[in-house]
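Only one chain is given next, in structure tokens, and it is the form predicted alone.
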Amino acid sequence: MEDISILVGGKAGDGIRIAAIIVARLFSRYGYRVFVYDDYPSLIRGGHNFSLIRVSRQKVQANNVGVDLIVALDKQTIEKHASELNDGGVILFDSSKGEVETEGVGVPFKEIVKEMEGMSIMRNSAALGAIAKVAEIDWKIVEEVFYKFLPKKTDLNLKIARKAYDMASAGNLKVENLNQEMMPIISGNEAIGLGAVKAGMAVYYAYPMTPSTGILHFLAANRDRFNILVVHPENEIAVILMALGSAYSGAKTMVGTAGGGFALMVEGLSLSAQSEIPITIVVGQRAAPSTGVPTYSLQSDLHFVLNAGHGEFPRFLVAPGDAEEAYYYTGVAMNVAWSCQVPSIVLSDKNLSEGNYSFDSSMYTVEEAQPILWDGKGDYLRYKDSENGVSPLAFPGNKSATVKVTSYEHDQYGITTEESEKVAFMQQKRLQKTEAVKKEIEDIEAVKAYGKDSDTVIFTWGSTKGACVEAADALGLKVLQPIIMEPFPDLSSYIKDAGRIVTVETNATGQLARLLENNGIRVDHKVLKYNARPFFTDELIERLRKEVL
């Protein structure tokens, strides 16, 4: 089989997410491209957790509702998901006494772990061994992956997995060697962190908030390797203010948060604009308002981040749709922030941030852009007027420069002013940076086109792009994915022959549709989903057939 969907389910504390990534890595060894989606409640233990792993010869960035293999570590997994099993699919379950009773392939995970004197969480290793047997994965591949990615108690985990491997029976999901290059598997959050490091980030500040917490963990674990400082302040207000302080001193900084944390940072966003201190902010969208459904995903903060902050000032906003784009456009955002001295925002979502992808590192190259620095001649004017509004930078410690910054309106030296002419002059200076940003990104791809020439054009954004591209291929439609949301690109050449424009997004009001209409593009129909879950490819195909075609 060249396209397989696997669901691994159990309770929080069963190691479901670890198991899912190991499954993805096993298939990756055979040349498969993978995508992993994690579904979990905001609980430390209990509840129902499951991960969807899709593996395919082709690049995949979305899951299907239907699955070929269900791996059940508890009864609830079967109760909730048995109806999703495709014809010919297999249920792999824990047949230990008092556990699951159903038809399929039963292996006593719990009893194996007890016999081997392992910890309860090691049932996931037993499940992994059984999965490998059902899919007819060579045992040597299992050993290789365990030794590389399960560094703790590896031998015991392998012993447990081998026992389950020997007890399971081969199913009808035989892995084929696709003879394709094996690609690394990384999350969207890891891609964001890597893009920032490649663009010269020196300090990362964050208060943990799903779904951006993974960036903090990844960068903290690799801070020595990347030669960066990673700081966890007491709250989001401290995060943004400390980051601005670091940037004022010359360190390229990034902060990460979600919608609720960004709400606390908004005054700091305006401070960044007034003081012209570069800052890059990652906002991972989740189901809202307020606490909402904190471990699930919606694309409902687009207009919030587009309009956040009191006063009028330019900003740069990107909304990547997969791991490669997250890597590249985070680098672009940091470079724009420092080249143009504006706040840059990377708008992610839970599905992208916590999704795991086969990562093609050859697609993009991120390079570090250098800011305009003061030449040391004459008096230093922190806010010196220029043709594009961008003033040369100097940093504290330079004996020849007095580096003043302020939240008040000011003159070119940085001295507070309330004189009407100077106020208007500085307002205009800052607004000139919009053109500076446009020039900085003129060679950057602002929108991507997929599919075939079609009278019907689908607009989408962020991680919803994955399901849309596959659905468009199946239905013969064209897809447009704006990535740069501010300054918004000119889309006239892309839609000149469009008869009908449809938006597909995971929110309740059609936020991309509203942005398109604000830019003079009529939207004929909106396909929306707002139950805090992403679009699945087969689900979207049916909705497009029913509502659009």
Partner chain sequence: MNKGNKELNSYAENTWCPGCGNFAILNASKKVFADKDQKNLVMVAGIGCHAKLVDYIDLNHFYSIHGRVPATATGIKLGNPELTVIGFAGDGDAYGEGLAHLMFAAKRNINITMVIHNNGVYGLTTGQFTPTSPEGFKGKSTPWGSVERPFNPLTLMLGAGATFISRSYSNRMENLEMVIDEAMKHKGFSFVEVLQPCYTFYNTYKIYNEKVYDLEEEPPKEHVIEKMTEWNYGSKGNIPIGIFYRETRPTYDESMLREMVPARRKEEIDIEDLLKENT
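If you're wondering where the values come from, they're calculated on a predicted model, not measured in any experiment. Numbering follows the first chain given and starts at 1.
The same protein has a further form, the form predicted together with its partner chain, not shown here; the description that follows concerns it.
Participant: Using heavy atoms and a 4.5 Å cut-off, decide whether 1, 114 and 165 all contact its partner chain in the predicted bound form.
Facilitator: Heavy-atom distance to its partner chain in the predicted bound form: none of the three under 4.5 Å.
Participant: So in the predicted bound form, is its partner chain close enough to residue 206 to count as touching (4.5 Å, heavy atoms)?
Facilitator: Outside the cut-off, so no.
Participant: Quick check on residue 218: any heavy atom within 4.5 Å of its partner chain in the predicted bound form?
Facilitator: Yes, residue 218 lies within 4.5 Å of its partner chain in the predicted bound form.
Participant: Wondering, does residue 478 line up within 4.5 Å of its partner chain in the predicted bound form on heavy atoms?
Facilitator: Residue-level check for residue 478: no, no contact with its partner chain.
Participant: Is the gap between residue 146 and its partner chain in the predicted bound form 4.5 Å or less for some heavy atom pair?
Facilitator: So residue 146 does not count as contacting its partner chain.
Participant: Within 4.5 Å of its partner chain in the predicted bound form, counting heavy atoms only, one of 175-183, 86-94, 100-108, 125-133 shows up; tell me which.
Facilitator: Within 4.5 Å of the partner lies stretch 175-183.
Participant: Just to confirm, with a 4.5 Å cut-off on non-hydrogen atoms, which of 431, 449, 119, 237 contacts its partner chain in the predicted bound form?
Facilitator: Spelling it out, the residue with a heavy atom inside the cut-off is 237.
Participant: Of 365, 227, 420, 290, which one comes within 4.5 Å of its partner chain in the predicted bound form, counting heavy atoms only?
Facilitator: After the contact test, the surviving option is 227.
Participant: Output the sequence-ordered list of residues from 393-412 with at least one heavy atom within 4.5 Å of its partner chain in the predicted bound form.
Facilitator: Read in sequence order, the residues that approach its partner chain (within 4.5 Å, in the predicted bound form) are 396, 397, 398, 399, 401, 402, 403, 404, 405, 406, 407, 408, 411.
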